[in-house]
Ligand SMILES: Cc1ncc(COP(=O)(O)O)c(C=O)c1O
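Coming up is one lone chain in structure tokens, specifically the form predicted on its own.
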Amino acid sequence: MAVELSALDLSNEKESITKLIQVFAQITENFIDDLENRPVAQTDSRLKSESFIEAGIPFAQALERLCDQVIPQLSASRGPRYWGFVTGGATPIATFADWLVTSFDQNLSSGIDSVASQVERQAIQWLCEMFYLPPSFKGLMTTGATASNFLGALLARDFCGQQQGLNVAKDGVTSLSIEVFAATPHSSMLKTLGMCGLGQNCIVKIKTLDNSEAMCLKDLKQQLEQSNAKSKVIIASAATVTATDFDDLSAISEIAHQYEAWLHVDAAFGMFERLVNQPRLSHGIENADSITLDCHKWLNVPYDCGVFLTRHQDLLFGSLNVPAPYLNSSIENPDFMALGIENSRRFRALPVWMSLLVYGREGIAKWVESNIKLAKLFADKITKSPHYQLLHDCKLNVVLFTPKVDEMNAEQADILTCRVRDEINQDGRIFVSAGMWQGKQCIRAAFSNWQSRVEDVEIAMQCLDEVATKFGGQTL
């Protein structure tokens, strides 16, 4: 490091901050400059086991350990070829804003001492406008889709309690009669149903359409009609996690209205489809009672940043507000601590606010559209490959494929797919994740990074071809 750190006085805030900012800027610049050269994923990372140091060590030594032991083993997840899960990479504006979040160190539990809460409300408003949602939707930033789905489950639970004359938030779920209907819920949705006391096994599984993860409306109606539960909740998807299928939200919202059911839509990344499609696959989402959205996916802001939206903010307040002498909130102008899980909350809205301000709908739509085109290009190359086969038409930004396994039984095919997937990730040029399609192991590549280009697809195909050669080429 060019900055002298051996005699850094950490008790002198002004001096230490000035020097540390210089170090911080250098490390950040080096890391971003090195993204193209480092393996996209570090699949064999190891951190040396050490006991806690009671007295601490000089910062220069700690920095040396960081640079030697930690940074070289980090993934390049903010780079253009990290295609596992649905992971965006922070844009320059979002990165800048997130630096400032730590510098400003605002706690958005209450809005009485800072403009920060107003920035979050404005960011929520702008998100709704960008996605063509009516102003009846209000909400808040969360840590991600799991927290947002938890709020959706919580609100659905308490809505059902109101239908039955119960205050579930105060008295518990003991007397609650409820069933949840879903076709392809995300694993985080199952997790949150357990967290809110309804149970992961409370779901009535709805059949899916042929060769799809989308909900069968006929079966949904039949299951609702046969249900003896006093209250009902429907969990729908705007882009399922594997096949990116969209439920018919217009029809489902009508069915929900008919059966007085709560409708929650998981649109963690599928919401962004509204920026590029006409007609929109997510048409009807504006009729949902609650919606989950992730900004650290296709908006490309840093982790962790999700959004929960609802047309029933008063119910959210009734479920989560806990009066205390030092906590003062009102239903007319609720503080975020009365609407979310945490009382203490970081200023995670700032990267969203600045991204919307700088890039606008047009700028964000450009990288969403580019990712969709790149996914379809990659899918086309997989289709033409002598070594791999496409499992499902690429409808949005996710590509599902396996090595060619035509002459293998199911067990052999799954074993080979897992081995090939691991080899691809160990190669380091791209990173892909596991998936299951119709009971079979598959390889899943999700395009959601604003920097991904055609060249990255070419690099990926070169990697795939070389991996295939290791496994026998044409006999893969």
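Quick caveat, the model's predicted, so the values are computed rather than measured. Position 1 is the first residue in the sequence shown; the rest follow in order.
Keep in mind the form predicted in complex with the named molecule is missing from the figure; the text below concerns it.
key: Residue contact check: Ala239 to the named molecule in the predicted complex, 4.5 Å heavy atom   = Judged by the heavy-atom cut-off of 4.5 Å, Ala239 is in contact with the named molecule in the predicted complex.
In the predicted complex, His186 touching the named molecule (heavy atom, 4.5 Å) = The answer is yes: His186 has a heavy atom within 4.5 Å of the named molecule.
Contact of Phe308 with the named molecule in the predicted complex (heavy atom, 4.5 Å) = No, Phe308 is distant from the partner.
message = in the predicted complex, is there a heavy atom of the named molecule that lies within 4.5 Å of any heavy atom of Cys196, even though the partner is absent here?
response = Looking in the predicted complex, residue contacts with the named molecule do not include Cys196, since no heavy atom lies within 4.5 Å.
ask   = So which stretch, 140-148, 163-171, 368-376, 347-355, is the one near the named molecule in the predicted complex (non-hydrogen atoms, 4.5 Å)?
value = Going through the listed ranges, the match is 140-148.
request  = Have a look at Trp262, Phe401, Phe269, Trp83 for me and say which one sits with a heavy atom within 4.5 Å of the named molecule in the predicted complex.
outcome  = So the residue touching the named molecule in the predicted complex, by this definition, is Phe269.
inquiry  = Where, within 289-319, is there a heavy atom within 4.5 Å of the named molecule in the predicted complex? Residue list please.
reply    = Residues within 4.5 Å: Asp294, His296, Lys297.
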